[in-house]
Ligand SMILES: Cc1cc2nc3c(=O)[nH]c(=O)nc-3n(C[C@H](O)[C@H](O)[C@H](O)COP(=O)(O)OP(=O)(O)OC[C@H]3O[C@@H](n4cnc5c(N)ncnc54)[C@H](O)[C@@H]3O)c2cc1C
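Encoded as structure tokens, the following chain is the form predicted alone, with no partner shown.
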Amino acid sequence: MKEIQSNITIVGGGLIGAAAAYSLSKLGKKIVILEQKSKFNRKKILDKRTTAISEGTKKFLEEINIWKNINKHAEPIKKIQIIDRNQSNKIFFDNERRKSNLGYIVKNEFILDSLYKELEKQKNIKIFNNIAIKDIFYESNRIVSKHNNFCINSNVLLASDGKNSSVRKIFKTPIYNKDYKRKAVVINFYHSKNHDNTAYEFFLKNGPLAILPMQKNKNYFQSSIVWTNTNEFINSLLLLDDGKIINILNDKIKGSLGTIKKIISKQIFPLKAHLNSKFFEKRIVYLGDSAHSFHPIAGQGWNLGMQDVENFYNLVKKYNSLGLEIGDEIFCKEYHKNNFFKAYRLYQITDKVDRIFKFDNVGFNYLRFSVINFLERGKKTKNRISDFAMGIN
């Protein structure tokens, strides 16, 4: 059986895996990417979701010299409005004090396209598609992944293979799961009024409805809705024709974007969250959704995955400068220490905020109204919240 030597094996070539590979290639490491899907082709992508890129993530993408490729597809978020039940109860955020944007909205396909165009230029990266892992085992101070007719021998293996991580299953890493028993529908659409680079979050009785500003398509204003609701409601919504869905959405967004003119795409996703008990095994590190996933209420899941990538990148850079080998127990535990608390904190925040805004009685509604009014008037608190959303807190 053919044996391939590498410093780092990355299982999963999606958004997080590709970003990790590209960043680590800058540090001179030999990298192998194992992807179970066929060769990346943007024209064949069925997933039309967008990603909200925080200012903190953008700075890291600038550091590794990939943001310039993504930026041309990015629509800035300059303002955010949080609206609880009705237009009179809201918080308004901007970032004029820092003279920067609150974030950026980019279609996933463009992020992947930008990354893969650069990955294919790197001589120290090998990409294997349509690959299934037969086994993963240890051999002396190395970790070996076995496949049909070859194996890969590495210092460390990065698991970035999603919420249902095959690596996590092989090593039986314990996780905490939460099923919200709800679904999210993602709808991209054209509308009549300029969004003015404003994102909206409507907290409705059965779940939040977020509107994210997208780049203009020719002469059409474009945005994306992420709406969470009961399974029954979302399933029944998608049985309706587009005209009826548009009428429902126009009623919910209260003219924020004028009127919805045309639906471009619709997708449904179950709402679940999880958190690994630890983000490592022996010579294995979990990144992104293989380590954690959250309620989408804050739109920060991918950005936290990118913090995993950035922290791993900085750890490898540190070990390089000290002349140390990456992937040993101390290395993996330091990665866990740098990342676990942030994930635990985001899980608690998203879970509790969702719960608070779903309560619907006179007492709780009045309490939320009072808190929102207090936050709207409190400049320092608003600034701390916007810094958190930007990924710099």
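For every residue, the number given is its place in the sequence shown, counted from 1. None of these values were measured; they are calculated from a predicted model.
The form predicted together with the ligand is left out here; the points below concern that form.
- Of the residues 65, 348, 338, 36, just one reaches the ligand in the predicted complex with a heavy atom at 4.5 Å or closer; this is 36.
- Of the residues given (253, 275, 315, 131), 131 alone sits with a heavy atom within 4.5 Å of the ligand in the predicted complex.
- Under a 4.5 angstroms non-hydrogen atom cutoff, the ligand in the predicted complex lacks residue 102 among its neighbouring residues.
- Within 4.5 Å of some heavy atom of the ligand in the predicted complex lies at least one heavy atom of residue 302.
- Looking at residue 76, you'd find every heavy atom of it more than 4.5 angstroms from the ligand in the predicted complex.
- Put simply, residue 342 is far from the ligand in the predicted complex: not one heavy atom of it is within 4.5 Å.
- Only one listed stretch (192-200, 258-266, 276-284, 153-161) carries heavy atoms within 4.5 Å of the ligand in the predicted complex, and that stretch is 153-161.
- Of all the residues from 1-24, those having a non-hydrogen atom no more than 4.5 Å from the ligand in the predicted complex are 11, 12, 13, 14, 15, 16, 17.
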